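This document starts with one chain, in the form predicted on its own, laid out as structure tokens.
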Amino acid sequence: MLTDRVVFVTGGGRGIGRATALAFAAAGARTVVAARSVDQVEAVAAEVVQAGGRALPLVCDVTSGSSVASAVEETGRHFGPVDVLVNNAGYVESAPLTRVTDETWNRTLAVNLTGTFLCLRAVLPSMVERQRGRVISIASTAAEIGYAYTAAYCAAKHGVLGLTRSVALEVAAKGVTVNAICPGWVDTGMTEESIARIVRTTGRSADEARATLEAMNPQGRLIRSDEVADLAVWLAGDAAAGVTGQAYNVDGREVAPS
């Protein structure tokens, strides 16, 4: 159990973030649901409260250092310092490299990689001072291999994995662990958006596009959000105190360990 631990979840308004917020709340944590959409974070926070948990909805843009700092400060005023950071905010667009605009490239790196850095930088000092903390970044199998038409996303997620490994070494002797979870295709709104792009660009039906993504997983399915969330909860617990600098795949063995 993670009774009274303060958990800060970015991208908490939907998909994996929502599932993660609910899973931590079920484990007894005080959960901060952070995202750009006020409607989404308030809705997820309400779900947590209805389930008997404690939640704080916060509007936070992970691409802005001041927004991240403000959200972490607000967390401190309401719940206390962050014990567990879940870097989940993500963004992806697909296109051949030669058609990737500067705007798309910069935004993809800003949300996925710079956002992870800004949140780490904001919470680590307190964790190190207290000699206690857990950081879990939701990366992707795209952090380990390349996928066609998502060069910016793959570059950003590879960066998240490198950042994870580096920071894990920096704080290994300071009571803080830093790990990554690398899901394959997850049954979320983001995947539905990818399916819609496949339909637009290829003319295939939505069912055919979904089947293509399911076939990438040797289990023949999309991963569930709660599978990722449950692993995050385990990594945040005392049983995982000796686990750091690692990347855990949740992908039905789509990607073989290197």
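These numbers come from a predicted model, not from an experiment. Note that residue numbering follows the sequence shown and begins at 1.
Unshown form predicted in complex with a small molecule; subsequent notes refer to it.
Do Gly189 and the small molecule share at least one heavy atom pair within 4.5 Å in the predicted bound form?
Output for Gly189 is yes: heavy atoms within 4.5 Å of the small molecule.
Review point. Closest heavy atom of Ile16 to the small molecule in the predicted bound form, within 4.5 Å or not?
Key: Taking the distances in the predicted bound form, the answer for Ile16 is yes, it comes within 4.5 Å of the small molecule.
Asp230 versus the small molecule, in the predicted bound form: is there a non-hydrogen atom within 4.5 Å? No, Asp230 stays farther than 4.5 Å from the small molecule in the predicted bound form.
Is Ala29 a contact residue for the small molecule in the predicted bound form, using a 4.5 Å heavy atom cut-off?
Ala29: no, not in contact with the small molecule in the predicted bound form.
### Query
in the predicted bound form, which of the stretches 93-101, 171-179, 70-78, 139-147 has residues with heavy atoms within 4.5 Å of the small molecule?
Heavy atoms within 4.5 Å of the small molecule in the predicted bound form occur in 139-147.
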